[in-house]
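First, one chain by itself: the form predicted on its own, in structure tokens.
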């Protein structure tokens, strides 16, 4: 009886040890982009990580970005993965402040030396002097356009606001809507607002606005909307944009019904998947509006974070260190047509990557994007206001006053 009990206890102990070992080797990653290029880049990196760490069992969950945004607070609180993709800047701040993200400053100060290799992007990963994630990509925004349509109509890349307005009028006369956009999920309108504001008022005003230091009814912000109204009044944007996602808005661009798209470089994959050839598409930085204002650019980063309630933080740190390596970042960003944050990584020879590198490397400042630079509640209200303005520009006064009230509440 005693021998049997000893044997049973030994078996149970061995089983418990095996279960613990298996548990420690399970790594769950939530990723937020099922589009073909980003999905391939992510999955290739995961396969390389698995090959380098055969003892770790990796499970991935891939959902689209809007679903991910809706679900993240719940899964961070209730059933956290070991790693999740998310966004730097103010978009990570609520989760940092709620103690839902793990401090990974140790990775930045380790032998990997991330602090020097990610110097340009370190500030947006930092809160209270600590780093909270590791970026795997960043990308320029600007204006993507149908080069074949421009060539056919004899339109050159606009360098100034006057040239952009002239090009838009010529496109309208030729039966082509100047800009496609899909504002169903709001953030695309923020991209237009940001560029108009950056070019009208500059980088410092953008940061003062998103930091709650100047009001939306400020004359400088009204001047931004006055420029936007010029485009809205001339019918420069596709109709029914509030019913379309950014992917839906590719269709009129691919069909030649619209000629320009204010968008991030991640969209290039979508243009090609819609049937456009590379020589039909080109890119130019958003044109100058106020002469002499230094050119700042939108260059958001995407990153991975370890939830505070993750079960396997040791292997999660291994993954973050792995994807920070220059060769991994080089291949990943070559696949998705974006820029590697690691300064030792190679920039791909794709023309859009090269254009993006030239754009961001010569910029006077890099904005993260309105909904990342502003707190979440302010960003939501602001983007709702931007979409409303595009549909009903006569409501501008009411929109700006409403945003001032939200600002007073959010930045107490």
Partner chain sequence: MSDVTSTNMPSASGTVDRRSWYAKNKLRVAPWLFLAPALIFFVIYVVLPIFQSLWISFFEWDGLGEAKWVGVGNYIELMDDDRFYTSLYNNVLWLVLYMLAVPAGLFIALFLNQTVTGMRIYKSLFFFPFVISQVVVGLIFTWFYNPNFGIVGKIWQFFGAAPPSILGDENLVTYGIIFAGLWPQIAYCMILYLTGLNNVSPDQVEAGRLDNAKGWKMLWYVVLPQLKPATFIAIVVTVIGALRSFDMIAIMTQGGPYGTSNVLSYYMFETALSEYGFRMGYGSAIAAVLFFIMLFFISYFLWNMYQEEKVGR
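The structure presented is a predicted model; accordingly, all values stated were derived computationally and were not measured. Positions refer to the first chain, counted from 1.
Note that the form predicted together with the partner chain isn't included here; everything after this is about it.
Is it the case that 91, 185 and 384 all touch the partner chain in the model of the complex, with a non-hydrogen atom of each within 4.5 angstroms?
-> Yes, all three are in contact.
Just to confirm, residue 169 within 4.5 Å of the partner chain in the model of the complex by heavy atoms?
-> Judged by the heavy-atom cut-off of 4.5 Å, residue 169 is well away from the partner chain in the model of the complex.
Though only this chain appears here, would residue 153 touch the partner chain in the model of the complex if you measure heavy atom gaps against 4.5 Å?
-> Residue 153: no, not in contact with the partner chain in the model of the complex.
Contact test in the model of the complex: residue 380 vs the partner chain, heavy atoms, 4.5 Å | Contact check for residue 380: yes, within 4.5 Å of the partner chain in the model of the complex.
Given that the partner is absent here, does residue 43 sit within 4.5 Å of the partner chain in the model of the complex, heavy atoms only?
-> The answer is no: residue 43 has no heavy atom within 4.5 Å of the partner chain.
Where, among 131 to 139, 206 to 214, 95 to 103, 272 to 280, do residues come within 4.5 Å of the partner chain in the model of the complex by heavy atom distance?
-> Result of the contact check: 95 to 103.
Of the options 162, 232, 242, 226, which one has a non-hydrogen atom that comes within 4.5 Å of the partner chain in the model of the complex?
-> Contact check passes for 242.
Listed residue that, although the partner chain is not shown, lies within 4.5 Å of it in the model of the complex (heavy atoms), from 47, 358, 344, 66 | Result of the distance check: 66.
Can you tell me which bits of 311 to 332 touch the partner chain in the model of the complex, meaning any heavy atom within 4.5 Å?
-> Heavy-atom contacts within 4.5 Å come from no residue here.
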